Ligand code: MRU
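Here's a solo chain for you in structure tokens, the form predicted alone.
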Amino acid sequence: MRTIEWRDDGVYIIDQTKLPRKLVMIRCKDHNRLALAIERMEIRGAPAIGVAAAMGLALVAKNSKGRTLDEIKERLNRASERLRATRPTARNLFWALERMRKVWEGATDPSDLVNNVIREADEVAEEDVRMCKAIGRNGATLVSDGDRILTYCNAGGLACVEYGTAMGVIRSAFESGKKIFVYAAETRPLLQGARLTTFELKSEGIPFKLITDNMIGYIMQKGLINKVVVGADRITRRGDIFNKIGTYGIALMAKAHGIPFYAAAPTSSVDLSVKAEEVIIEERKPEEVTHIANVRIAPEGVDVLNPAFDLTPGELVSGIITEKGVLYPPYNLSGLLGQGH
């Protein structure tokens, strides 16, 4: 089953806030509903968010049939701004919006514009599947028989269209016959590791154990893992990665214990336009920290800090796994995208 799928009557997404208790599909009939789904994290994960944005624009185009060329372009421009405002950190969202804009900006025929926007959104989704499978194959070469791998948050099929980035590496290694064992960290405050990654690992039959976030240093100290593989929501030119809050601490602990720390992401997550200090870290609502499953766990009125992501400097990253291959430090990702320094 795909995380997100285009159908004749709308865009269907898996509601990830309901997992693992219920598998519920949401039908999004317009871009505003998809934007809300992104904000609510009913759909999440950098690649999936990018695909959702592209499909949101495709819905605008589809719902604009019969309008003039200028009217359709104006509706697409407004929708693009709405989708752009949903979440600020993951690069894939903006990459998808920029890619889709190129389709309609030069259009001269309204019918062609509608068809081309819908076709491009479909290609963005299919390309994500191809890229993730390539990431999996490339990353699997780093995995040895008997490896014990720590992963964090959810960088699996639920974070993409269907295969996954960090989980794609794990999945590909397992499918190749390698005997591996995975430790999945719960990932506070929204428990994407406990709720989503374990859901995927169990479904695939991959051996694993769930651990709390504060056990990570312990399992490294005890020699229970020998590799870390995580995803990345944005990667800078110098190999700095932005990923779920807590990733930086894991990278520091991995460095201290001599454990390779890998990030897996498509090239659509690479951003050559900003320095690490310029990336906006999303701050989310306090209730995500003060409550678990709508049950309050902290006193009323407490102040909360809730950044969704953190920065892991490139010097802590042993390798970046992309669909084009594995990159090693010192990083300069300009060449990866065929752009100059």
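Residue numbers here begin at 1 and follow the sequence given. As the structure is a computational prediction, the values presented were derived from the model and not from experiment.
There is also a form predicted together with this ligand; it is not shown, and the following applies to it.
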(message) To verify the annotation, which of these, 73, 87, 188, 171, has a non-hydrogen atom within 4.5 Å of this ligand in the predicted complex?
(response) 87
(message) Under a 4.5 angstroms heavy atom criterion, identify the one residue in 244, 227, 237, 99 near this ligand in the predicted complex.
(response) 244
(message) Looking at 209 to 217, 251 to 259, 151 to 159, 105 to 113, which stretch has residues with any non-hydrogen atom within 4.5 Å of this ligand in the predicted complex?
(response) 151 to 159
(request) Verify the contact flag for residue 268: yes if a non-hydrogen atom of it lies within 4.5 Å of a non-hydrogen atom of this ligand in the predicted complex, no if not. (result) no
(request) Answer for residue 46 alone: is it within 4.5 Å of this ligand in the predicted complex, judged on heavy atom distances? (result) yes
(message) When the contact criterion is heavy atoms within 4.5 Å, does residue 232 count as touching this ligand in the predicted complex?
(response) yes
(message) Is it the case that residue 41, even though its partner is missing from this view, gets within 4.5 Å of this ligand in the predicted complex, heavy atoms only?
(response) yes
(request) Check each residue of 304 to 320 against this ligand in the predicted complex and list those with a heavy atom within 4.5 Å, in sequence order. (result) 309
